[in-house]
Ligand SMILES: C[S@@+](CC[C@H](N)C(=O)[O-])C[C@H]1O[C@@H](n2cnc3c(N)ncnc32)[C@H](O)[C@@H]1O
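Shown below, as structure tokens, is a lone chain in the form predicted on its own; questions about how it binds or moves come after it.
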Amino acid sequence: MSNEVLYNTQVISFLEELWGDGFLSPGGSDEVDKVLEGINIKDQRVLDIGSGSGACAILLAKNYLAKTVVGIDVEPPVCEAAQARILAAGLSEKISIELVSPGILPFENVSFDVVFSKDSIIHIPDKAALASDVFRLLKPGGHFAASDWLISHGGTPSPEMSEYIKAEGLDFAMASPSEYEEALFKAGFIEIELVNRNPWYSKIAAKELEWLKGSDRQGLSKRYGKEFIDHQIEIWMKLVGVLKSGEHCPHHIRAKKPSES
């Protein structure tokens, strides 16, 4: 990842208006519920990779009754936003937010019961290294549960996908479902499950584009600047296209570290 701040206060505010307070990716608490369905979080120690502005960490602690949550991110603005949100929620004793550098996760072996991530691993190029690192951190029988933005195939993205990624201006490193599955399998995980969420987000993104272009456009332009909103509309038009083609395919990804025999 580069040293450039990708999620500044303007971007954070816009995405939270679009996706809900504390969320920097779509679906909110409903998507978190689906990712974690059937996984016990109560009284567990949880790592939240790419914790953004803090909504997921709060859900994990407050709704799922995690014993402790450690949220990590690589950008100061989102860490500061998360810390402020957690303080306001009165959850500072259960949740900590750490600013980390890209690379090996700075925690001891077998130190978490659950590793969670919502739509942030797209920024990590080496999925195999990440899978191995998550496996290292998990206790036997522990779970990896995430959502992420994937590309439907290996190899070179289509011109349309390349244009979308370029318009986003983010360090997207999309892997295919098969690449993810292979990385998790080689790391040692079992019960690997990938669920394609393209049909759901294709509909949502089309509605988001309608919102951006609709009656709220003038107000959005006043709050965030006309140039910024015009660019978001350009991004969403490209996004809707690659979702419609199926090349952009958000997934839920779950796997388990084997229990000790």
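Sequential numbering from 1, following the sequence displayed. What you see is a predicted model; the values in this text were computed from it and never measured.
Below, we turn to the form predicted together with the ligand, even though it does not appear here.
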Counting any non-hydrogen atom inside 4.5 Å, which residue from Arg85, Lys94, His123, His153 sits next to the ligand in the model of the complex? His123
With heavy atoms only and a cut-off of 4.5 Å, decide whether Asp119 touches the ligand in the model of the complex. yes
Considering non-hydrogen atoms and a 4.5 Å limit, does the ligand approach Leu24 in the model of the complex? yes
Please tell me whether any heavy atom belonging to Asp113 falls inside 4.5 Å of a heavy atom of the ligand, as the geometry stands in the model of the complex. no
So in the model of the complex, does any heavy atom of Ala173 sit within 4.5 Å of the ligand? no
At 4.5 Å between heavy atoms, only one of the stretches 137-145, 186-194, 74-82, 159-167 reaches the ligand in the model of the complex; which one is it? 74-82
Partner contacts for 33-67, taking the ligand in the model of the complex and a 4.5 Å heavy atom cut-off: Ile49, Gly50, Ser51, Gly52, Cys56
